[in-house]
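Shown here is one chain on its own, the form predicted on its own, set out as structure tokens.
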């Protein structure tokens, strides 16, 4: 038997599409978030970035507006990444944070959460569990874990409602006891409705972790259908993905994915009921890279024409051919048709056990010819009108 999802998990699944943001000291170097590690930069040299960090163009309200225009329902921002620098006021736990940075003196997490609440976006917070800055991480692990828990408690108690916490780094010490139950108990005490995620990394995509986890992760890889039969609780799934090859800003990374690939990836996630968390990396001053903004604009345009159903429509028994698939929401089904051309317009779906009343293209309102017999629905999708082209076309099907 498949368990019924808890309210917070059901709401998380219905959001469907979120923005991931990696921003920290490393953003100033423009070489990715792992640059300290890969170039073996000594602490004394790396920490000079603290002195120049200003974030003077970090505009939380603009970020919320960009996310909303892209059709995103939540944003996950790095409150602290592996470098150990926090974007929030750690309340005396450390001076290595944005409010103490001499050129910044701002609590960026407060600005972010407030902007999300104002704009109707759910704020979520990434928090590293791996820390290159705190010496106790390697010398006194229990003391480090207390510092980690205290840091998360600060976030839980001082910023209003947080939609979720996204942890990353346990894979760095696979043999250690991370005392996850104690960390998650802090969240359940102060933010009981928050989603808890702990990234299992590239080598363990989709792996189930601690019983308190609400969603598994698929880092940089499309998720597989989950078998939830017999689970003790319903677990969601989320794919995290970058618009190019890095999480943090990398000035020389021009290997951007196309809007078509990103839209198809979003569709592939929703096909199995998983969320897509799509990452951008602001520049060192906090401003959004223009091409990243443009890519999100393209996705938002597709959602406004074709994809509103991606949020609450669910996987169903209707099956397409190739990449094609269907979602269902009550008496309506939605056919996702990839790569339509005038020469390749006929699409076939099986498992249609209800009588079909009408088929309508969501982008144009056109009602294509269709045939529905013996559980098979064949749709003759019309060509796109001149001046329009979408990588995935959606047709709404009214069922009796």
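Positions refer to the first chain, counted from 1. The model shown is predicted, which means the values in this text are computed figures rather than measured ones.
The form predicted together with a small molecule exists for this protein as well; it is not shown, and the discussion that follows is about that form.
Although the partner is absent from this view, residue 171 contacts the small molecule in the predicted bound form, with a non-hydrogen atom inside 4.5 angstroms.
In the predicted bound form, the small molecule sits within 4.5 Å of a heavy atom of residue 20. Contact annotation for residue 219: at least one heavy atom lies within 4.5 Å of the small molecule in the predicted bound form. Not displayed here, the small molecule is approached by residue 81 to within 4.5 Å at the level of heavy atoms in the predicted bound form. A single residue from the set 74, 137, 325, 126 has any heavy atom within 4.5 angstroms of the small molecule in the predicted bound form; that residue is 126.
Of the listed positions (112, 302, 85, 166), a single one reaches within 4.5 angstroms of the small molecule by any non-hydrogen atom in the predicted bound form, namely 166. Residue heavy atoms within 4.5 Å of the small molecule in the predicted bound form occur in exactly one stretch of 32-40, 340-348, 364-372, 50-58, and that stretch is 32-40.
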